[in-house]
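Take a look at this single chain, the form predicted alone, given in structure tokens.
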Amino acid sequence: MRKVRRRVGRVNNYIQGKIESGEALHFTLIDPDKVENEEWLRKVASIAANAGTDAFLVGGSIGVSESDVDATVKVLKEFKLPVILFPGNVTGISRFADAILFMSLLNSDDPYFIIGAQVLGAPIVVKYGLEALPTAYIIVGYGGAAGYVGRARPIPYDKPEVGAAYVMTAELLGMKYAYLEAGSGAPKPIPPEFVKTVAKYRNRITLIVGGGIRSKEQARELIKAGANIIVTGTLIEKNPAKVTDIIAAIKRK
């Protein structure tokens, strides 16, 4: 395997700089399998970028090939925002991205999603020189396709102490980010009370929350509860105008 110098710190420093200045962040998730064409992608990306989204996530659980990811990343790079990979598997890695959420699905019953895929993907990440953001991926509640494909045991919404234990575990293992995922298109987002409990017991780990967030009120309550970053994905495909409202609510101090 060829050793390649990685991009170190640029995206992480960008994110942490915003958080340390008191900002809450919004990431727009683009699923390459849902991209209709380049014109559609530029349109929705432009809406999100003009509204003030802080970065693009690129990834999906089903039907995603590396060529699809490459094509999507190349278009998103036109908007001069960080493009971060959110891989559902090793096929979700692109050499053209700025960084990758190097994730372990901690509450999976399948070792492949906890460490196996990571072992297969690590040499590719190093070869491409991608900045890795060590991330605990934790499925909560509904779970959606990510939970089903990843063979997760979703944490019930009324068991926030379990979520807190997973996030504490991630932090003790040295991970820098924890992503609480309700699943794409979840009937309802993770409750603010769940996030509040998790945030109470974390130290410095950055808390990302996504899945089922459809209104500015929901996003704002999750930020108040302790989320650092809000992710919306399905909404940008179905109702881009609402994403604009959510971003405005998140950015309002």
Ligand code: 1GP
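None of these values were measured; they are calculated from a predicted model. Position 1 is the first residue in the sequence shown; the rest follow in order.
The protein also exists as the form predicted in complex with this ligand; that form is not presented, and the subsequent description refers to it.
- With the partner left out here, this ligand still marks one of 195-203, 180-188, 36-44, 219-227 in the model of the complex; by a 4.5 Å heavy atom cut-off that stretch is 180-188.
- Not displayed here, this ligand is kept clear of P32 by more than 4.5 Å at the level of heavy atoms in the model of the complex.
- When this ligand is considered in the model of the complex, V231 lines it closely, a heavy atom lying within 4.5 Å.
- Contact residues in stretch 121-159 (any heavy atom within 4.5 Å of this ligand, taken in the model of the complex) are limited to Y137.
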